[in-house]
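Take a look at this one chain, the form predicted alone, written out in structure tokens.
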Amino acid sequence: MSDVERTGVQLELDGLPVLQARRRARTVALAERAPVARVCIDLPPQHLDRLFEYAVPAAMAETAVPGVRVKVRFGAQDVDAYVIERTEDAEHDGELLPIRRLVSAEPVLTPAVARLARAVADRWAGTLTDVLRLAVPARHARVEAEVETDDAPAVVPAAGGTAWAPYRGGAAFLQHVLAGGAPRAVWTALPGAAGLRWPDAIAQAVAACVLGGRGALVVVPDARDIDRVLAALVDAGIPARRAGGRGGAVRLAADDGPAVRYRAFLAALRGQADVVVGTRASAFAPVRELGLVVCWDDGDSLHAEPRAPYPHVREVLALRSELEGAALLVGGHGRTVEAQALVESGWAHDVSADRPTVRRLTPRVLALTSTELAREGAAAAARLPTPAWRTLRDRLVEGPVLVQVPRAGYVPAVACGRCRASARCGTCHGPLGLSRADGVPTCGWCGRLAADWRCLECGGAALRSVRVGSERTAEELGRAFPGVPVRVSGARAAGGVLATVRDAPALVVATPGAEPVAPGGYAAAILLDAAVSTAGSALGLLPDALRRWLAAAALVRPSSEGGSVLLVGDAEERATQALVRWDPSGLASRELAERAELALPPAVRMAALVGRRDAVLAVVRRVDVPGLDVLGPVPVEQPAPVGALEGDVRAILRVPRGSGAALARSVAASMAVRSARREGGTVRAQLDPADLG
């Protein structure tokens, strides 16, 4: 930006007007070498998504290096910025404003992460500023000032790959990683109760990478998974990093608090840790000489960033693998359609066990559908039919039994006891539910109490349960099996999410994703309300339901030890059969073929625009991509998704997959014009949305 006097005139930035405040000229001694800094300013408007040039004062010649945080003058205010690069010459013809001050001499934004952030912004039609807010944690001055002595011995991991022996291509993948290669694999993990725990396999892959002289990054859905991987890394000879030491592993999770998170971030940045294990935001961790990136359970919704530009960990790590020449491992008990697309395109290799090995190491799976239970007569309609009750009774003698319930709470949905019409809130028409047996009906949307509720159809005041949650299930099982301990695991449970349970007879009721681990494996698992898991129209509904079922079934002992899994309910047939056969890749492959026929992601690229009708239409009119197909706009269904308001509409822009980059550029350019012109209304743009409902 020029350091000449501004008189409030409009300057042109890439053809877009930006108002500059009045400033007086001043003389500042500049750095002799590379006196021009190109910086990314921390301002949200999309039309400002570019690098701006500033002069580097001589006093900052050695400290204002690429990657540091600085303050610069922009318009009438001082704003935060990152130095992206230093150059000898400026593209701007006039004088440049000097950098105001150095915030920190720590180069927190490495060139590799800066390139990744730019690629992520481009792929998801976002801004570099938005991505950097995800990538770089807030500064913690006290942590940054901590001085550590380097007197601890370096960490040397143990070589090994026994956890990969049952997988076709597993040993070859490890050898390539050890040799410094960059193989890409999609891995279907076998059940952990068979002695093949997925954290051990990841730890052995990480150990091979570290033995080869490179760093590794592991991204998992939640804190429990971080703990499991870190424990497995200790067994593989990679302990948690100690203060003053070199090597080892650090955990990087936002839930750990700003000081702990920033300390782990700096350890990776300074090369003091070889391995980073973390949740979603750690996908951008500045690991030195990165050789392996791992995404575990890529179908988990926690891997999808809820903030703009809404990237997914799987895609971020795939981009990082290409940009930095690192190996990529995408793993899970299930198989997402997106991961299957990587395999079928030839971009990644499949790593999975053959059918005889799968049958030998998995539990016996039986689907208790209405057809299978027809001979039970009226008892077939019971939520816990006789075969399931019998399995619980018999297997409890051998150890703990897992009961998976798709919904948390007591009774999440109720209906009129007389006419069975759905009970709705009188204010927002949301569904009513009960938090306990003697509780007052509460709206699941607005949270209002409905103590005086009456049915609009028949005037009745009595309620009956429609959907039963984990707490009510635990209560019913406790009455059915007196004397047997009942444990409840879930985010809303009194005891929270349990990490482990003892190898003793007990009933463990858990919601999907909250299943605790039994060291010796569960004797059996009952997957209740299967029809609920496959009800709806979400794009990835069936693979996601199968993923949740397999995550629970993988905790059960193999069939050779009596382990059994019962799926109770009339779920969608393809998902049910995939569970019985233990064939997640088969279901994903069929889903991918079907989406290709219907022109749905990932066979195509899509952009969803949500907002006020006039604003959405204005953005759509400026998007110009060959082969563009515009669907809508149509009203957003209630309850509105996050970021949408009542009365908003949604337009879907669809292009062939090869035109995906052009679509992202065009949407970003249209949103930048909207920002520069300060057009009215609101518009939220999202590339490749997970939910098209």
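Throughout, we count residues from 1 along the sequence that is shown. Please read all numbers here as calculations on a predicted model, not as lab measurements.
Keep in mind the form predicted in complex with the DNA is missing from the figure; the text below concerns it.
For Glu95, a non-hydrogen atom is located within 4.5 Å of the DNA in the model of the complex, even though that partner is not displayed. Within 4.5 Å of some heavy atom of the DNA in the model of the complex lies at least one heavy atom of His47. In the model of the complex, the DNA sits beyond 4.5 Å of every heavy atom of Ala599. Although the partner is absent here, Phe74 is a contact residue: one of its heavy atoms lies within 4.5 angstroms of the DNA in the model of the complex.
Only one listed stretch (66 to 74, 664 to 672, 648 to 656, 624 to 632) carries heavy atoms within 4.5 Å of the DNA in the model of the complex, and that stretch is 66 to 74. Shown here without the DNA, the chain has no residue in 482 to 511 lying with a heavy atom within 4.5 Å of that partner in the model of the complex.
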